[in-house]
Structures are given as C-alpha cells and as structure tokens.
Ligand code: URA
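In structure tokens, the next block holds one chain alone, the form predicted on its own.
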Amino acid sequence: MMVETQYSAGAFIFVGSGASRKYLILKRKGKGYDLPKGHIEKGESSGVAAIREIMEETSLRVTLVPYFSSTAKYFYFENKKRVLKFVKYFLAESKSAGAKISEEHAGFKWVSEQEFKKLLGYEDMLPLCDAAFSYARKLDEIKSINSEYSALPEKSQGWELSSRFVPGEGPLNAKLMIIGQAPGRVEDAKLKPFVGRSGKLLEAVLRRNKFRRDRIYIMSAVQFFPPENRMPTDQEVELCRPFLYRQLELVDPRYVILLGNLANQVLLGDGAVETNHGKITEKGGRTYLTTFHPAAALRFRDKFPIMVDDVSKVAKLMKASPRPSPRQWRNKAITHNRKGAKK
C-alpha cells in the first residue's frame, strides 16, 4: 500500500499561570477532542504555520514559548489512502480566553492538565502532554527565580555590581548547560549572556563540535556585570550562589560545561582551570567538564584549539549515551493507526 507523508503544526495553548493555568482543547464535529493544528503550507516554517492555524481555528493571538517543541508521528487513513503524519507541536500563551471557533469544530473548553489528557483520548499523546505541561510549570519557576534574583541590588547593602540583571538563556529542559563567570559590558547592555566577543568565540567552539546554541542553556555564575570587568568578590558570589543552584536544578542538565576559574570554583570547589581543563567530573548525577573562559582564548589564541578539544569530550559522551527524550521514545512507540485523525 502506498503511504503519503504529511506535515502539520499545532500548539498547546494556555492562558494564566500556576494553579490557575488552563489549556484550550477543541471539540471535533462528531466525537472526540483535539489540539489546534493544520497543514504546513509551502514556504511556511512550522512556527508560522502553527500561529496561522491557531488564528484560523480559534481567532486567538498567541505567543509561542521559545525553545519548546515536540513532534508526534502516527498513521491514519484518508480516502482509503494510508497517511503518515508528522505534527510539530509548540507551546503557546494567549492573553485572552475569548476563543471564536471555526466551523470545522463544534466547540472548545479551557481545562486543567488532567482534564485535558482525559478529554484528548489519544494514549500516544500523553507523553507529549506531560512534556508540554512540565515545561509550562518550569516557565513559572524561572520567572520566580529571575524576579528574586534581579531584586538583589535593592536588597543588598553596598552593592557594587551593575543593577541590570542578565538572565540565563536557552531551553529549560536542555541536556547541556554552559556556565561562565559574569556578564561583560555588551551583555549588560543587551541583557543577554555571551553576546559580545567572548560569546562569538564560544559559538565558534560550539560549531566546531556540532553543537547548536539554541539547544543549550547558557548563564553565568554571577549574573550582574562587575565594574571594569573585575572578578566578582567572594561576598558577591555567595549572594548569587543560591540562584545558580536553583537554575541548575530547574533545567536539570545531564552535562555542564564550566568556563573559567570562577565557575569551576563555585560548582566543583577547584578554580585551577590551567591544570584542570579537559577534566571530566561526575557529581550529583551530572557530568561536568572544565575548560577555559572564552575571554582567555581572546587574549591567548593558543587556548582556542584547547577549548575545542576540551568541549569535544562532552560531544563524544553525549553522542555515545544520549538521554532519551519524550519525543524520541514517543516516536518509536507510535506505529499504530489513529482513528478519527484528520489533520
């Protein structure tokens, strides 16, 4: 039997936060419920297609949550033809619950996580639901951490660092985290980590090892710019340490790359990067690698190939023993036919 392959995009749409967060589920004409989704048109990216489908089916204007997506895979029959369907799902936030459903659906509900999974009905969708719901809860937690962290300048006497907080950046479920020393002047201005000259060099190291920056959570041990780019004091490090640990626990990476003496000292208790670079350390269920800070490689160019070689050790470990994600094992499991699927 000939099999046609189709590609669609959709989203888990939520409104509110915390215990009051609700998710939109659409009532199909006939039986069952589903998420907003539809075909990806020629020339569209999956994100653009998801936003367009959401507008057409619900009239909601949404914002896609950065870094989260997962893909479902299943078979269904259409006009006696077997179709292999790939659907890329995003997580999307709506500021309004006033949906206006298109004619292809019979109604909608805003429901809790548990009711959503119960109504959806597709058993193969449950891991995907759990991944999306878990990520949404992580959004609440990172917002809380960043709010408390950014208030340190107002609450700490004799504060000498910049008052501008530079948040971490990347997926909240990343397998790899990179931790540097502190933001530089460019990072302080743009409020983004590693976007100056050191950031460009770091990206070059990552590219050499076939890492994508948008799949890594990147932050600093101290997330405020020190005047004149000086080393943060012990007192400043201690003020910031609890927030570093909270982010580490929230993202829960399997692998952590430590850039420079300060990050190595804070996480592993040893700041001697010159002698410890390239060292792999297992601690608390995570694998740590120590290497030079990119700023050092900007001053001494012979350290760049050393950094590339150091980071390659993590790349090899991740390739040899990848941690299965809900998406990976889910796609292996979905080989059955799904009844009632249309788009």
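In this text the structure is predicted, and so the values were computed from the model without any measurement. Numbers follow the displayed sequence, beginning with 1.
Although not depicted, the form predicted together with the named molecule is the subject of the following passage.
Student: Since exactly one of His293, Lys303, Lys313, His277 fits, which has a heavy atom within 4.5 Å of the named molecule in the model of the complex?
Tutor: Answer to the contact question: His293.
Student: Pick from Ala182, Val273, Val205, Leu176: which residue has any heavy atom within 4.5 angstroms of the named molecule in the model of the complex?
Tutor: Only one listed residue qualifies here, and that residue is Ala182.
Student: Exactly one stretch in 183-191, 142-150, 125-133, 89-97 has heavy atoms within 4.5 Å of the named molecule in the model of the complex; which is it?
Tutor: Looking at the partner contacts, the answer comes out as 183-191.
Student: Is Gln247 a contact residue for the named molecule in the model of the complex, using a 4.5 Å heavy atom cut-off?
Tutor: Gln247: no, not in contact with the named molecule in the model of the complex.
Student: Taking the named molecule as it sits in the model of the complex, is Ser198 near enough to touch it, meaning that at least one heavy atom pair lies within 4.5 angstroms?
Tutor: Contact with the named molecule, yes.
Student: Taking the named molecule as it sits in the model of the complex, is Ser220 in contact with it (heavy atom to heavy atom, 4.5 Å or less)?
Tutor: Because a heavy atom of Ser220 falls inside 4.5 Å of the named molecule in the model of the complex, the answer is yes.
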